[in-house]
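What follows is one chain in structure tokens, specifically the form predicted on its own.
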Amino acid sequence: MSGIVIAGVSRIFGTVRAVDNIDLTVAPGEFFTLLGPSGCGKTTLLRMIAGFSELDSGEIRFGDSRIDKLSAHRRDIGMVFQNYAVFPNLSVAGNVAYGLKARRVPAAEVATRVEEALALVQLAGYGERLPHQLSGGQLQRVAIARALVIRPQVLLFDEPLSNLDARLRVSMRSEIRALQKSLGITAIYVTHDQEEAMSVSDRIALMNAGRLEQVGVPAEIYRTPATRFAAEFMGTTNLVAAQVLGLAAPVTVSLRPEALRFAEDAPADWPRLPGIVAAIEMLGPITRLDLRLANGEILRMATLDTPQRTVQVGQAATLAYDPARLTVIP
């Protein structure tokens, strides 16, 4: 089990700095996620770790060993791709065994390790099936088994769940997290999905335009965003001038929708904000509400569904906010 050190790494395509002088350290056994919008550089950085893209500057180490000068097949990584990348003409067992055969592992050991890997991903007994006989979730498990069977130092995931439906994504991300923790393997996971990142990660590196916006545990990045981009990308937020909330400071603050409540449900010392209900969106267990303040600004609130409360668009309402949940945005 190795940690990863990324030091001063850059990759430039023409005039575009796809990865711009990145410094990161991933602890041994950590589940570390590169998160950001399309084009932010996260996949390019993952490909440099994997050996599929060259570095223009910097270095990458696994433990004490520098690996950025090694070819991809010598880096001791397992990689799970977005599109599964399974061979349609090989059986499940044949796909999982491919990397072992390329490494000239003895046939008897190959069979044993393939069975072990399939059992790890809950596909015991599926070895003789062909890829077209499997569901999307099962194909992704085959891809994970193929990455694990070589017993790599580092496991890399490139948007592994983006081709699955919403319900299956939720169950598969839990399986991936549980499997990684049970094996104690160091993992780097790339996604553009904030919820997915927060649910699986020990830490997150939020990227924007090739640079790091913020690195930290999920709760830290969500609750105390360091930049405007971090506040807006990590879910819905209210970015308002402090004066709008009755504060004297000439700063912009971030206030998450769930930090607002109806005044009658809030502690007496929470500041009050009267307004008119501008929109209501019922999303099952969560209801979202927009409140238009006297100056015309909109505050967004999210609350658990309360059937006993009736609120209508155009109705006067007063919200209150938790002052401890304000974050000043530089």
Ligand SMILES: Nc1ncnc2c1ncn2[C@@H]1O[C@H](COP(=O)(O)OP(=O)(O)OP(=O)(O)O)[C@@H](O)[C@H]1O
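Numbering starts at 1 and runs along the sequence shown. Being a predicted model, the structure only gives us computed values, none of them experimental.
Omitted here: the form predicted in complex with this ligand. The next part is about that form.
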Among 23-31, 281-289, 40-48, 294-302, the stretch whose residues bring a heavy atom within 4.5 Å of this ligand in the predicted bound form is 40-48
In this chain shown alone, the residue from Glu159, Asp76, Asp202, Glu175 with a heavy atom within 4.5 Å of this ligand in the predicted bound form is Glu159
### Contact label in the predicted bound form: Ala316 to this ligand, heavy atom within 4.5 Å
no
- Can Val16 be called a contact residue for this ligand in the predicted bound form at 4.5 Å between heavy atoms? yes
